[in-house]
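Next up is one chain by itself, shown in structure tokens, the form predicted alone.
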Amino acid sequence: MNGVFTAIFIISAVLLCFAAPEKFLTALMDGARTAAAVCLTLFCVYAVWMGLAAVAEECGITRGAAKLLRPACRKIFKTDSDAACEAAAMNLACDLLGAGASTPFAVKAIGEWEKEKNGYAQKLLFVINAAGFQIVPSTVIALRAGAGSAAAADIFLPSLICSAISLVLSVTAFAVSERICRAWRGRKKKRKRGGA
């Protein structure tokens, strides 16, 4: 990704130098100012949410939510690993609450599934995390507030609906592709047996 963004920046800079050289420095400084403001806003948001996540973890709120999600995790991810189920449940609980501290739990769950060679669970957890379903879209609300929005929380319902649709479509597409791949691998094995 770094290479892609670097290439986009270089191409944009060259085009701007040819099209409007007098605006190059102004655009560069404005972009740097905007980037610094967004970084500072996100830093504050993550500081607050990481603190709240730590408090929730100490109080047992996150673990309680994870405990409720654990039986579902066993069925969804097709696993018997207690450690992986707990880590995945913690990851999902943090994501749902918009706590912003879910990545370490996802890494732990994927590591546990690596031990039992459960590629299905690893890929499914990645898909769920990429869909980004949150009950409280705290980062977007904070960015809107930082940009001077008069009603920063208006994004709540549209974001909830869109992320729910995204999650359902992503998981459905993943399930369909897994079935197709499984059927294709089954046919390939049958051909090899037939050839042997």
Partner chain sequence: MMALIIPAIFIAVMACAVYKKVNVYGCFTGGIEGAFKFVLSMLPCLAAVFMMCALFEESGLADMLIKFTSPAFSFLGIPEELTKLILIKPLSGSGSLAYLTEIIQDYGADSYVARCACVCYGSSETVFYISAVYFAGIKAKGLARPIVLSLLSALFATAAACLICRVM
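Because the structure is a prediction, the values reported are computed rather than measured. Basically, rigid core = biggest C-alpha set you can superpose within 1.5 Å across the two forms. Residue numbers count along the first chain shown, from 1.
Not on display, but discussed next: the form predicted in complex with the partner chain.
Wondering, does P71 line up within 4.5 Å of the partner chain in the predicted complex on heavy atoms? P71 lies outside the contact set for the partner chain.
Any non-hydrogen atom of E114 within 4.5 angstroms of the partner chain in the predicted complex: Yes, contact at 4.5 Å.
Mark A65 yes when one of its heavy atoms lies within 4.5 Å of a heavy atom of the partner chain in the predicted complex, and no otherwise. Residue-level check for A65: no, no contact with the partner chain.
Considering only heavy atoms, tell me if I76 and the partner chain come within 4.5 Å of each other in the predicted complex. Output for I76 is no: heavy atoms all beyond 4.5 Å of the partner chain.
Could you check whether the CA atom of L16 moves 2 Å or more between this form and the one not shown, using the rigid core for the fit? Superposed on the core, L16 moves its C-alpha 2 Å or more between this form and the one not shown.
Displaced residue check between this form and the one not shown: F156, CA, 2 Å or over, core reference: No, F156 moves less than 2 Å.
Any idea whether M90 and L42 get closer or farther by CA distance in the predicted complex, knowing it moves 3 angstroms or more? They are closer; the C-alpha distance drops by 3 Å or more in the predicted complex.
Sense of the change in Cα distance from L40 to C162 in the predicted complex - at least 3 Å versus the shown form: Farther: L40 and C162 separate by 3 Å or more in the predicted complex.
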